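Below sits a lone chain in structure tokens, taken as the form predicted on its own.
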Amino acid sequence: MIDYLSKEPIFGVILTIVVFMFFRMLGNKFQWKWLNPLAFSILAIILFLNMTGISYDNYYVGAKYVDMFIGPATVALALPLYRSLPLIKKHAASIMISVGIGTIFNILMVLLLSAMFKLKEPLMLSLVPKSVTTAIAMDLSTQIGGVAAITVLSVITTGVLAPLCAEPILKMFGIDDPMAQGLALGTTSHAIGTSKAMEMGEVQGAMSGLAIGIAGIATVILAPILTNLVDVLIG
């Protein structure tokens, strides 16, 4: 019965919406700021599909209709960006430098920790683009010698963990500036981090959306350079 239902397009649509609304309601009711509905929905649906034996292909028959809204949702980020345009112009240099340093730090931390834990080179290179969007990360991973499937997993894991850790870490270091909060989330945790930034405020969401684009370009340029440099230095 469930196998038959899972092949219907409505199944993927309803499952996705119901699970997301459940976690959103749970977070709102108990004021659990750490409960990111997007991140927990991804984990819950993966667990549900695994436990029921429903294939991802069957689920995606319906889920693709939800997936279609990613494009319009991304375009919608232009609105808070437009509203924050005076702020962006005023702090353009600071934004570029902040995201650039954040991107370098993201890459170097992966390379240094991989060397410390003696990870094999293909695995290390697969983790390098973990902080950018999946489309950029997969192509970049393939170009530098990584494995695209591992890269996708690392991108999702980064996106799931960042919203959970963001607010406690920002609070711990006393980072209460909305611009800094948004740039940090967008630089380290791509679109899922931006969903958390949007919850925190419009300025945070705008800065996070802007940081996604800058960090993506910076990672494409810097990842091959830093990877080769660290390889030469460490051997």
Partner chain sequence: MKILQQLLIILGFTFVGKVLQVALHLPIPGSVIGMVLLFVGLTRGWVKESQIALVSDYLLEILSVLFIPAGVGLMMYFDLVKNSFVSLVIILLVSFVTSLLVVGRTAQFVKKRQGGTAKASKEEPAID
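In this text, the rigid core denotes the largest set of C-alpha atoms whose superposition between the two forms falls within 1.5 Å. Predicted model only: the values in this text are computed from it and were never measured. Residue numbers count along the first chain shown, from 1.
Here the subject shifts to the form predicted in complex with the partner chain, a form of this protein not shown in this document.
(message) Residue-level question: is residue 50 within 4.5 Å of the partner chain in the predicted complex, judged on heavy atoms?
(response) Contact check for residue 50: yes, within 4.5 Å of the partner chain in the predicted complex.
(message) Since only the chain is shown here, I'm wondering whether residue 34 would be in contact with the partner chain in the predicted complex (any heavy atom pair within 4.5 Å).
(response) No - in the predicted complex, heavy atoms of residue 34 and the partner chain never come within 4.5 Å of each other.
(message) Please tell me whether any heavy atom belonging to residue 197 falls inside 4.5 Å of a heavy atom of the partner chain, as the geometry stands in the predicted complex.
(response) Answer no; every heavy atom of residue 197 is more than 4.5 Å from the partner chain in the predicted complex.
(request) Answer yes if any heavy atom of residue 187 is within 4.5 Å of a heavy atom of the partner chain in the predicted complex; otherwise answer no. (result) Residue 187: contacts the partner chain in the predicted complex.
(request) Sequence order please: the residues of 150-171 with a heavy atom within 4.5 Å of the partner chain in the predicted complex. (result) Heavy-atom contacts within 4.5 Å come from 150, 152, 153, 154, 157, 158, 161, 162, 165, 166, 169, 170.
(message) Please determine whether the C-alpha atom of residue 36 is displaced by 2 Å or more between the shown form and the other one following superposition on the rigid core.
(response) Residue 36 C-alpha, core-superposed: shift of 2 Å or more.
(message) Please state whether residue 174 has a C-alpha shift of 2 Å or more between the shown form and the other one, with the rigid core used for the fit.
(response) Comparing forms between the shown form and the other one, the residue 174 CA shifts below 2 Å.
(message) Could you check, with the core superposed, whether the Cα atom of residue 54 shifts 2 Å or more between the shown form and the other one?
(response) Yes; residue 54 is a residue whose C-alpha shifts (by 2 Å or more) between the shown form and the other one when the cores are overlaid.
(request) Specify closer or farther for residue 56 and residue 190: how their Cα atoms are spaced in the predicted complex versus the shown form, given a shift of 3 angstroms or more. (result) Distance between the C-alphas of residue 56 and residue 190: longer in the predicted complex, by 3 Å or more.
(request) Kindly indicate if, in the predicted complex, the C-alpha atoms of residue 80 and residue 133 are closer or farther apart than in the structure shown, bearing in mind the change is 3 Å or more. (result) Note: Cα gap between residue 80 and residue 133 shrinks in the predicted complex.
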